[in-house]
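Coming up are structure 1 and structure 2: the same protein chain in two forms, each one given alone as structure tokens.
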Structure 1
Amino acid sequence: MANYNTSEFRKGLKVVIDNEPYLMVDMEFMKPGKGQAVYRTRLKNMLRGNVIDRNYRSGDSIDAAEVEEHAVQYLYNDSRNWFFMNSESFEQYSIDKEFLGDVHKWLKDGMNVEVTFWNGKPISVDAPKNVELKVEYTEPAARGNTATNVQKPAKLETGADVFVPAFINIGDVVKINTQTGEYLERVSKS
């Protein structure tokens, strides 16, 4: 198994701690006046999502997580499981809705996403940073409400609920940031 020396530590590194994969989300190098340099890391468990802090001394090493990332295409869901297909091998994967978390709200049939595998099992699904989705339902704007920052709820074609500006109507296509769930812009009018 490969490993990383402290001099190779950086954000985004995937490592194994206690036989579980972790993602290094933050790394800080500290050189005290006396003694060895210390590498302060913040690591996110890729299976459970909890975050831990660990310190390493200069010269320490940590095992690399042997994860694979594949571009897959979202096919469909049966409201309990979401189905994906590897575009190269045509292998299909079924992933439980609870495992997906909020990602399922942004997936549209035929959309390409990144799936990370560890020991042959999917451990994370990453939707594109921004998605363009059609507004299925929203209330009409209140007459005379011309303030630019007025927001109203809207239901998108994937079932996601978001807040959009008052000028958005049913049938409009809007761009949404999948990390925050925030409206970015109107792409096209109905």
Structure 2
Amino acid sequence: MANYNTSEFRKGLKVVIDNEPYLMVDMEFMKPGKGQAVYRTRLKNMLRGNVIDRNYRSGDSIDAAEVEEHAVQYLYNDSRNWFFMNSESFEQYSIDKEFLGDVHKWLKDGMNVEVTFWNGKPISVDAPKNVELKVEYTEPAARGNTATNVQKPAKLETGADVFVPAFINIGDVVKINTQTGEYLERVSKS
């Protein structure tokens, strides 16, 4: 298996520790004037998201994680499994809803997403940073209330619950930041 030596350590490196893939999110070379050099690293578990700290000495190495990212298209779901297709190889994958976490609520049929594979197994799905989705239900727009800082709940076509400004109506298409779940703007009116 390929591995990385301390001299190759840098942010963004994908490595295997205790049989799980980790992303190096921080790395610092530390050396006291009269002491041993220490590579202080912070690593994020790519399966579970928890962060750990690890120290290494010059010359130590860590196994490289065979991680690949593919652009895939979201096809459909049977409410347990979400199905995707590799846009180049047409290979299909299913991913458990539990595993998808919050991402599933932004996915619309035909949407292109990035899936990360480790040893051929999908381990994470990244929704696009912003998505445009139709409002399926929200209370009617309050007449005369044009203030944009007053927000009301809305359900989107994918089932996601978000907050939108008071002037948004059923059938409007809105742009949402998938990282924060925040409304960004109205794309089109119903």
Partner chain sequence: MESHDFRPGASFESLRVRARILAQTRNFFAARGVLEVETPLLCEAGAVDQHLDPILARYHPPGSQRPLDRWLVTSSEHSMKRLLAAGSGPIYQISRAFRDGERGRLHNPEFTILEWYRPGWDHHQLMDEVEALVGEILRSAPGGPRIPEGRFDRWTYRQAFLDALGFDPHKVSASDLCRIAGLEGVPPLPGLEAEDRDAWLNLLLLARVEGTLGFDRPAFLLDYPPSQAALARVRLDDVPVAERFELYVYGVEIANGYHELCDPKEQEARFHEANRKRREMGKAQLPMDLRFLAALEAGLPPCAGVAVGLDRVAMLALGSSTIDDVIAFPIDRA
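Because the structure is predicted, anything quoted here is derived from the model rather than measured. Superpose the two forms; the largest set of C-alphas matching within 1.5 Å is the rigid core. Just so we're on the same page, residue numbers count up from 1 along structure 1's sequence.
J.: Does structure 1 or structure 2 depict the form predicted on its own?
T.: It is structure 1; that copy is the form predicted on its own.
J.: What turn in degrees does the smaller rigid part make against its larger partner between structure 1 and structure 2?
T.: Rotation between the two rigid parts between structure 1 and structure 2 amounts to 14 degrees.
J.: After superposing on the rigid core, how many Å does the CA of G59 move between structure 1 and structure 2?
T.: Looking at the C-alpha of G59 between structure 1 and structure 2, the offset is 5.6 Å.
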